[in-house]
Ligand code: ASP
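This document opens with one chain alone, in structure tokens, the form predicted alone.
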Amino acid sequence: MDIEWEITLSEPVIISNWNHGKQAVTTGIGILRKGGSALDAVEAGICSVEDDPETHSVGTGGIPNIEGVVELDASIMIGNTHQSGAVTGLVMTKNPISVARKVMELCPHVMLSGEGALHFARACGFEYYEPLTPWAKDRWEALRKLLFSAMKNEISFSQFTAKVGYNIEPEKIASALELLIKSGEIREAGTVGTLCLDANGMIVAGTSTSGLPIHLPGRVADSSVIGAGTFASESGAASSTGIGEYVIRHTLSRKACDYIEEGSSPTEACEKALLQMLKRENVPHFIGLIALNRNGNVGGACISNEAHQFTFQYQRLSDGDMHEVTANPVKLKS
């Protein structure tokens, strides 16, 4: 793929979120040390998390939707050229971030979904792969029982199992899911977001997730939506995590990048974007945001409570060790 932009020499840096992001940073910085690009570093870093069965909200080990199918969402974007690719509802495939990169490089489209994304992946050589693990299946069974209880339905659980999905009134499922999210019963809602700036000034953002556990089939996660869960520009990059419906409504990552372009530091940009969200809508759930700018500065912020401490980590090429940061939660002033 031919990529052209104005070259600005800078010290490479890579940043990723949550504890599993340490793996992404370690893998990505290894790529940068070998002379690889920001694009290669972001893809490889996210792949390393997608391949980890102990990460239960991304790739292998992700918890299925309400019908027992693991649906994968991912997107990747080059800020210098605004080239981007995404997949949503991808099944039976190992690395959605790599498929998203192929969409960016080979397609005239930005996003492919469902069966179309699957056919494209197979055409590109991605083989059949089942990301559902025994642990994730057991967790899915437990969550379905909780969902059944939350619905307070008069039918038996065996009938509920037979009718699960759109064969049950969507309104009842939606309200029960909301109840489980608010009560903290559904905990596995984190994505892996990874941002990178390389020595040639290339800025890349990528995000991947298996989505909210026991979500309705066909649900689109913010991780696959350019401008919401993932965005990069000539000035910087951002990635979000948390309950994606809020992120999509407020195009959160794009907003953070806009603030960076206006001169805010990455942390300030994340805080401003989240505060603007809070001014427009009550957000009772966790939302996290990380960002970097073209000078190699990084930052993050979150909407949180004591139950969710949002951490991210970063490493520059000259650093001997990775830096870990606990982001401060933002709140509207009373």
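In case it trips you up, residue 1 is the first one in the sequence shown, and so on. Predicted, not measured: the structure shown is a model, and the values here were computed from it.
Although not depicted, the form predicted together with aspartic acid is the subject of the following passage.
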**Asked** Does each of Thr27, Ile31 and Ser48 have at least one heavy atom within 4.5 Å of aspartic acid in the model of the complex?
**Response** no
**Region of this chain that lies against aspartic acid in the model of the complex, out of 208-216, 258-266, 91-99, 134-142 [heavy atom, 4.5 Å]** = 208-216
**Request:** Mark Ala238 yes when one of its heavy atoms lies within 4.5 Å of a heavy atom of aspartic acid in the model of the complex, and no otherwise.
**Result:** no
**Request:** Tell me, yes or no, whether Ala221 is in contact with aspartic acid in the model of the complex, where a contact means a heavy atom of each within 4.5 Å.
**Result:** yes
**Prompt:** If you check in the model of the complex, is Gly201 within 4.5 Å of aspartic acid, heavy atoms only?
**Reply:** no
**Message:** Considering non-hydrogen atoms and a 4.5 Å limit, does aspartic acid approach Gly190 in the model of the complex?
**Reply:** yes
**Proximity to aspartic acid in the model of the complex, single hit among Met104, Leu118, Ile243, Ile226 (heavy atom within 4.5 Å)** = Ile243
